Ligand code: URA
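What follows is a single chain, given as structure tokens, in the form predicted alone.
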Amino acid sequence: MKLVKLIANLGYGSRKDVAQMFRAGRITDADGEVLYADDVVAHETIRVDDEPLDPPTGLVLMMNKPLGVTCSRKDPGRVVYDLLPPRYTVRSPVLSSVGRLDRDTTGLLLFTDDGALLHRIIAPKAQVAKVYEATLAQDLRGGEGALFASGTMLLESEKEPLAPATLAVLGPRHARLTVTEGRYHQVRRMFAAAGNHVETLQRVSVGQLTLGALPQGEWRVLDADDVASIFAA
């Protein structure tokens, strides 16, 4: 792919804008040598205004989503894309969230511009485990674990029972729930069906990928090992 098209696809501007960047000497190699539009160089050696060029197509990143931010591109309030560099929102192919977390749920949120990978992660057949920690309005009653694990639990207005889920009790009103599906507000609805209310909810891992020390509201690009950990048993 020509450098002008490559850099434009990464959201740095239109092809006309990028051509002007070349003429202004803003695009260089790692040694500071000015590049020209017809040069053939490795992606990782390209610099724009002395900063490494953004990752190529196949970008995967994770965010520690904060409270009150919506997984949407358009919303009256703040959206998750506001926390990313503006050019990330105009990359081609488009960068999309892998599933959603509601406004009141925090924690691990994935993004990718790789459509095949996105579908591989969210496909029910993949059974990628998503782990949530919840604080509840009332004490657990003791039967929730068996109910969630039964494989027969039916949520209101749905016809297909939920796949078995695993509950770990962390305290009287604190629980960790592992699910392999991604139905609408699933965790909140499961506890509601069991007669309780979720007060706070955080997704702490997807597969074997965890938030680690990533601060809330921050994000990082994932490498190949990170991506592989999503599918690790």
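We number the residues from 1 along the sequence you see. Keep in mind that this is a model prediction, so the values were computed, not measured.
One more form of this protein exists, namely the form predicted in complex with this ligand; it is left out here, but the text below deals with it.
S.K.: Could you check which residue among Val187, Ala175, Ala165, Leu35 gets a heavy atom within 4.5 Å of this ligand in the model of the complex?
M.R.: By the 4.5 Å criterion, the partner-contacting residue is Val187.
S.K.: With this ligand left out of view, which of Phe111, Tyr81, Tyr132, Phe148 would have a heavy atom within 4.5 Å of it in the model of the complex?
M.R.: Selected residue: Tyr132.
S.K.: Is it the case that Leu201, even though its partner is missing from this view, gets within 4.5 Å of this ligand in the model of the complex, heavy atoms only?
M.R.: Leu201: contacts this ligand in the model of the complex.
S.K.: For Leu101, is any heavy atom within 4.5 Å of this ligand in the model of the complex, or not?
M.R.: So Leu101 counts as contacting this ligand.
S.K.: Please determine whether Ser97 contacts this ligand in the model of the complex, using a 4.5 Å cut-off between heavy atoms.
M.R.: Answer no; every heavy atom of Ser97 is more than 4.5 Å from this ligand in the model of the complex.
S.K.: Please determine, with the chain shown alone, which of 204-212, 53-61, 178-186, 27-35 has non-hydrogen atoms within 4.5 Å of this ligand in the model of the complex.
M.R.: Only one stretch qualifies here: 178-186.
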